[in-house]
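Next up: just one chain, as structure tokens, the form predicted alone.
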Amino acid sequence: MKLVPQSAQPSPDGATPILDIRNVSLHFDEGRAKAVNGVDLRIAEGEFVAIDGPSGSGKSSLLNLIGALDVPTCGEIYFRGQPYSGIADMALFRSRHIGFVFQTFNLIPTLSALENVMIPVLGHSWSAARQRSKAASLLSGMGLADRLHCFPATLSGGERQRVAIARSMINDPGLILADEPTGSLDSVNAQQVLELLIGSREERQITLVMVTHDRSISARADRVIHMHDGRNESLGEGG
């Protein structure tokens, strides 16, 4: 899918941001419940942004809007200048430009690690051999070369999350959205997963937006966005 730049506002350095979020809200119950309430935010290409805040503040709801998993009640989101409202096939757009990493891994239990990583490219123009080769290479880079044909139930939590990270990268996305990716892991596995995400982001020049409650993770970010009652404020570099 080729994106046609529209009217997104440039960053201070003159470059079009990868994400330009303008007055975006997500309301439920006929407007009485405001999960996201008038968020304005610009994120630069290659930036690592952490989103924190108390439970119910709108962190995951904002991430779902950025990932086009939910449609805003009002406002607009631009990806490299293209408004989400102008994208005809949002599923195709997501599969080509956005990678997702969830706290609960979201792996299909009846598929092997290799097959789970291949899911985003099934039905694409890639040959089966290319799909398998790319998935195997990503898993090997995650330290899972000997676990390609294992099913999720036989993997540790840290291994499952590494499979999920590999899956998020198979399409070489410009943007990865991670929702509490270390939240269900012990401290050792959490640190390993964090290093893999940050290292892959730097190596591949990917924009990373991560919801987290962990201050040690926020301290690694270029910028922290604090959510409260559906609204946002930037806390500057490194929290």
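Computed from a predicted structure; not experimentally measured. Numbering starts at 1 and follows the sequence shown.
The discussion below concerns the form predicted in complex with a small molecule, not included here.
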Should residue 188 be classed as touching the small molecule in the model of the complex when contacts are defined as heavy atoms within 4.5 Å?
-> no
Answer for residue 58 alone: is it within 4.5 Å of the small molecule in the model of the complex, judged on heavy atom distances?
-> yes
Is there any non-hydrogen atom of residue 172 lying within 4.5 Å of the small molecule in the model of the complex?
-> no
Heavy atom to heavy atom, is residue 29 within 4.5 Å of the small molecule in the model of the complex?
-> yes
Heavy atoms, 4.5 Å, the small molecule in the model of the complex: which of 202 to 210, 189 to 197, 37 to 45, 59 to 67 makes the cut? Say which one.
-> 59 to 67
